[in-house]
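Taking the form predicted on its own, here's one chain by itself in structure tokens.
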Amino acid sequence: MGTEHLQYPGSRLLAVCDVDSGHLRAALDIADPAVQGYRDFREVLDRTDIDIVHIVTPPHWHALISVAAAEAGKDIWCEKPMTRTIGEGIKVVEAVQRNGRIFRVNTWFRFSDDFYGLGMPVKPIKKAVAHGLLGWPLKVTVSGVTGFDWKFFWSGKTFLPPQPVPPELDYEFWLGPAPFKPYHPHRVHTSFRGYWDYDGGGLGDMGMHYLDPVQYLLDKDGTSPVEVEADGPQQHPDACGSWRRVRLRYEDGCEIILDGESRDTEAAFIEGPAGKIFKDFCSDIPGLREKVASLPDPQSEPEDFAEAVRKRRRFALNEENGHRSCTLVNLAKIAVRLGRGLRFDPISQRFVGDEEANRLVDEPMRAPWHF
């Protein structure tokens, strides 16, 4: 776990857990002396005095721990991406709702702060879209031109000679449900993002930060795209690589373009038949700032997680809309891995007539791990 995840307003830290004893010791060294350390997350879940768990593991553990936490009666703060596969996301939604838990994903740009490189918060764009100032359908372009960086440095290495496992790391537990691969330091800790078994490169690392606000802007929290296309080099079966372009299209014609090469040099962040909005809220619509300022704000939702837990109110970015945002990431990952276009049914949450793609919706877990 990262030591930056130790203090939250409205809560008290009682335990930390890590399969790397060096990381665990670093956390305990800066925590209150009463905080206890564990190597196995299940021991934390067994404690009746713990109300909330924060899951800061690599993504291949997010779903298993989320489901176990929900079944243990804990509320859950989960890092992004919410889950590594679409099928895992479905399992988390079911477990959280079946057990009446409060869940949040740790990305916040749909409701606060400037949206990374866009130079502005999401709220003014949401108001413009909701009141039809851009027309319909809409296209959103996520690229360096509109202020975003897909972090292709999170790519894996294609040749990893086996190395001895360091004594402080329980590598078998670190792998958990992922397929066994011989240890190499590039597989674990921060560089794990470069491997399909654990994450999804820049898509996995940054995708929910960039795409959750887009899902919110387009009012698609309850659905998913019906088509996804990817253009890029053939991917290695183990190591994530770069890609050029991904296109996601909803049934009503709205589109999201992931521009990996920033080649759409004139791209607006969001555009419709009636106008465009660029970085820093520049627009080709005369007087847009004044029009938006006069409009009512979007309906507010609980944005304080500790308060949502105390009052048992669903958090603004919860298991359901968080899963749909993560599905955007996972759809893009699958299209990039397969290198071709795909059709998706947002109701069944399966690909249409494509068993190769559906095998990536529900990837098998290594025994003894299972839901």
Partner chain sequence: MKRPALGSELSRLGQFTFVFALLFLGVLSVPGAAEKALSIPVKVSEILARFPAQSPVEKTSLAAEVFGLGEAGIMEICRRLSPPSKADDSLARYALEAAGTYAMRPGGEKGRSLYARAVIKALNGAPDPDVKTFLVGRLQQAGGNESLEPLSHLLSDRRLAEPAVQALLAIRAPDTDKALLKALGHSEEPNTVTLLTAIGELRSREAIGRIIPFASSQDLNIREAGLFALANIGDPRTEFQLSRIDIASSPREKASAAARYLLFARRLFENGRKDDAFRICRSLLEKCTGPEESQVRSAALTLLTQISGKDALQDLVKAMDSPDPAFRARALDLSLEIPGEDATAQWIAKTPEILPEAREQIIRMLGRRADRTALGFITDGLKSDDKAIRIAAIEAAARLAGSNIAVDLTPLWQTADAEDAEALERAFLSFPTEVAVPEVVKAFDGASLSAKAAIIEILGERGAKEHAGIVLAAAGNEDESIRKRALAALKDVVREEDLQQMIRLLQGAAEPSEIVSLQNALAASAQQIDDPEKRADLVIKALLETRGQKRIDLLRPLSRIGGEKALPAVVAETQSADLQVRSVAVYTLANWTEFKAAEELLKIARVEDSTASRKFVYLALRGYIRLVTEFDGQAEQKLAFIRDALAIAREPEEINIILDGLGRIRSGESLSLIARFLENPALQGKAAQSAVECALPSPGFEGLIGFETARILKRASQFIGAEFDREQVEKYAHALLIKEGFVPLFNGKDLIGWKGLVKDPPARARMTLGTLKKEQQAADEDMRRHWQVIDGTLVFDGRGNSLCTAEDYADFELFVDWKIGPQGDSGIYLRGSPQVQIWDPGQWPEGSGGLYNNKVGPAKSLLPADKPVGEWNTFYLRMLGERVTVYLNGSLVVDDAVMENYWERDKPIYPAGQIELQAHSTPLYFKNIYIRELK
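A quick note: this is a predicted structure, and the numbers were derived from the prediction, not measured. Residue numbers count along the first chain shown, from 1.
Not pictured, yet referred to below: the form predicted in complex with its partner chain.
Listed residues Leu45, Ala31, Val56, Ala306 were compared with its partner chain in the model of the complex; Leu45 is the one with a heavy atom within 4.5 Å. Comment: its partner chain is not present in this chain, but in the model of the complex one of Ala72, Cys254, Leu133, Leu169 has a heavy atom within 4.5 Å of it, namely Ala72. The stretch from 133 to 141, 119 to 127, 103 to 111, 202 to 210 that comes within 4.5 Å of its partner chain in the model of the complex, counting heavy atoms only, is 119 to 127. Contact check for Pro296: a non-hydrogen atom falls within 4.5 Å of its partner chain in the model of the complex.
Although the partner is absent from this view, Asp231 contacts its partner chain in the model of the complex, with a non-hydrogen atom inside 4.5 angstroms.
Looking at Gly353, you'd find a heavy atom of it within 4.5 angstroms of its partner chain in the model of the complex. Proximity of Pro179 to its partner chain in the model of the complex falls within the 4.5 Å heavy atom cutoff.
Applying a 4.5 Å heavy atom cutoff to its partner chain in the model of the complex picks out Gly353, Asp354, Glu355, Glu356, Arg359, Pro364, Met365, Arg366, Ala367, Pro368, His370, Phe371 from 350 to 371, in order along the sequence.
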